[in-house]
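Take a look at this single chain, the form predicted alone, given in structure tokens.
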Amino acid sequence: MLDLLKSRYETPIPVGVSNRHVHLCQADWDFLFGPGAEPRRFRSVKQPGFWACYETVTLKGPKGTIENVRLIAPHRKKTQVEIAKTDASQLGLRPPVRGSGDLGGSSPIRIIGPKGMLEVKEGLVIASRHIHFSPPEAEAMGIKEGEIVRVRAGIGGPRELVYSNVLCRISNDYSLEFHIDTDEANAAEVKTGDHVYIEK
């Protein structure tokens, strides 16, 4: 047990800073970009099977807009828009902090693409911070699905801090990575590719 705990607390976990982005369902993609159009790969992301697209959209809220918001492919069953608190203030909206896919009662948002504007009645969230694990990675660190941990970031830096309420998510489709949004990353002065550690 001691060796297991040592592994959990001493294993470096890479950071993935999540900028604002949009996951579209097929029907919403077709509406915004036209039937027959296909998302074009801009660059890969660390999570297997996902990539950032060349295609972008504009988000519109009661107080403002945010342009050039990148799409993430492949398509999902339901459209989901993930932003930071700073973005929400710019748009004039108050989306809830939610885990991915938990969209019931989330905020509405208007999405503008090259073929028109789409009004999504719910789907806008601020993503809760979380760690992705593959099953072997989780087993090696003694992590259970849905476990809540604390994570120390920016170690040795001027804004070192501990993130509480970090959700652990395990799937064969995942690779070890700590996901936070831009506001949270700025708070600790960390960037994609830095490393954090689970706190004792």
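The first residue of the shown sequence is 1; numbering continues from there. Because the structure is predicted, anything quoted here is derived from the model rather than measured.
Not pictured, yet referred to below: the form predicted in complex with another copy of the chain.
Put simply, C25 is far from another copy of the chain in the model of the complex: not one heavy atom of it is within 4.5 Å. With a 4.5 Å cutoff on heavy atoms, R129 counts as touching another copy of the chain in the model of the complex. Though the partner is left out of this view, Q47 does not reach within 4.5 Å of another copy of the chain in the model of the complex, counting heavy atoms only. Contact check for S100: no non-hydrogen atom falls within 4.5 Å of another copy of the chain in the model of the complex. Of the candidate stretches 132-140, 161-169, 35-43, 53-61, only 161-169 has residues with heavy atoms within 4.5 Å of another copy of the chain in the model of the complex.
A heavy atom within 4.5 Å of another copy of the chain in the model of the complex is found for one listed residue only; from H75, K115, R110, K85, this is K85. With respect to another copy of the chain in the model of the complex, the three residues N68, R70 and E119 uniformly fall beyond 4.5 angstroms at the level of their nearest heavy atom. Residues D181, D183, E184 of 170-184 are found to place at least one heavy atom within 4.5 Å of another copy of the chain in the model of the complex.
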